[in-house]
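Take a look at this single chain in structure tokens; it is the form predicted alone.
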Amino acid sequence: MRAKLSFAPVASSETNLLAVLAADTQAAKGPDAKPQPELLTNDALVQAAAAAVLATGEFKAGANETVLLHAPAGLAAQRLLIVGLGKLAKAATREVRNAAGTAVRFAKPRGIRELVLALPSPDRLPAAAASRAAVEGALIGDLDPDTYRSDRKDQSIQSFTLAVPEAPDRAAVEAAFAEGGIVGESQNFVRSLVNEPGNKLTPTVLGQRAALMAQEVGLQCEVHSTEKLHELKMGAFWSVAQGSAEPPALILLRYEPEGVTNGPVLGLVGKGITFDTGGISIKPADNMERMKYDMAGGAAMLGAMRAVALLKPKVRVIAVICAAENMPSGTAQKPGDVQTAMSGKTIEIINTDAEGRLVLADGLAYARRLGATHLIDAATLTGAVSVALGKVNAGAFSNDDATYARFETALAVSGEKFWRLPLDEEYAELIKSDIADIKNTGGRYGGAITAAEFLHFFAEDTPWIHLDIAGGAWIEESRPYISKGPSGIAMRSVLEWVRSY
């Protein structure tokens, strides 16, 4: 997709499809309060073209609701698409991002390959923030997961133009638009990785893809395998990898901005299980094919590093991705085994399907050894977090309120939904082992929390955030603004957390 800005009047846009945004301006509540849809553009010709359909009351401007007009009077565009944001009082950049994705996904199956989206007037929504959100949403909406279909038809949008007829600060809008392009492309990079089948994206291939990306954007990159794990005494990481014929990959990325030699060093740690059978504690067959997504946390960190390299914040960042397959075999670890982690702490294996926390234990320890002063990890770690929060919010944990406050601020920019869950010594008691320092599961209850407490044991007193994205990393049904499949969750939020420093 070619994305560009235009500061020409919206009505004069010669395009196959002109999309404009609308919101429900009805402030009253109650059963008698009827929606009052209103276009968020001051262009009189566009308002005139849409007046008749808005007057019918059929279009209510609900979130991602659409109505299409052919040959709109007075406009150069062949079609006019109106996309709803929902209630105006609640409309923000998140709604603009989704609406832009909705416009793109409306166009794709109809053979429309170029479109113009009119940015809301600056008196309605801040122009720069809306500009960034719009291009992000358009890029995200354009990606589909049908990579390996032999009859695949490329329905990609070839040209997306964001029309900004009113811009108090054009330079700010241009900068935000460029930023949004980087963020949207980085999220699609994440989604493309997660979409790859386990036989195509092995740990070795993930390391190769990471190295290629690093070369393209100017990051330092090292990719190691079995020998390095043994050298570092990463017994927890190796215990997961030892059951597979595919060797593991320890991926290290460094971002060191010129002139920055002091201050914090941020450590991004990602779970990169390229396929998870559960090991000896094998999973049920139903939906096991989705376990190719078990490297979504690692992919999110790779995408965040890509965006960091291109946006160039003034803070040092390292990323550690622990990639492996979790397979059952004659060499696989067994329930009851005791493993020694890189930190020297010992772990009793209760369930080999609780493998993500094992690779992260060594990833966190390694990031600390490399000098990370603050840590954030992302992982499709537990089904329990989905039981607790459903598919709406992902789970977040932290041992430091100030560090987490920065993450909450980041969420206001990223538009992603995370809910902070507790850490408590009473939960940590549930994973104490009789034979070792700690065990890798704490039983049925509070499973997401005991998993987080396991990681806390290895983060120790380093300020740390844990993101359990198991419930949000895979979209089961297509939405108006994004396809089914990988979501790319956490990348935007991790990026904004990094930029807060």
Ligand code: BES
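Here the structure is a predicted model, which means the values were calculated and not measured. So that there is no doubt, residue numbering starts at 1 and follows the sequence shown.
There is also a form predicted in complex with this ligand; it is not shown, and the following applies to it.
Peer 1: Is Glu185 near this ligand? Define near as a heavy atom within 4.5 Å, in the predicted complex.
Peer 2: Close contact is absent here: in the predicted complex, Glu185 is far from this ligand, nothing within 4.5 Å, heavy atoms only.
Peer 1: I'd like to know whether Ala309 contacts this ligand in the predicted complex, with contact meaning heavy atoms within 4.5 angstroms.
Peer 2: No, Ala309 is distant from the partner.
Peer 1: Does any heavy atom of Thr382 come within 4.5 Å of a heavy atom of this ligand in the predicted complex?
Peer 2: Taking the distances in the predicted complex, the answer for Thr382 is yes, it comes within 4.5 Å of this ligand.
Peer 1: How about Asp353 - does it come within 4.5 Å of this ligand in the predicted complex, if we only consider non-hydrogen atoms?
Peer 2: The answer is yes: Asp353 has a heavy atom within 4.5 Å of this ligand.
Peer 1: Which of these stretches, 365 to 373, 285 to 293, 170 to 178, 110 to 118, has heavy atoms within 4.5 Å of this ligand in the predicted complex?
Peer 2: Selected stretch: 285 to 293.
Peer 1: Is this ligand close enough to Asp276, Arg357 and Thr441 in the predicted complex that each of the three has a heavy atom within 4.5 Å of it?
Peer 2: Every listed residue reaches this ligand in the predicted complex, so yes.
Peer 1: Note which of Ala470, Leu40, Ile465, Ala49 lies within 4.5 Å of this ligand in the predicted complex, where distance is taken over heavy atoms; exactly one does.
Peer 2: Only one option qualifies, and that one is Ala470.
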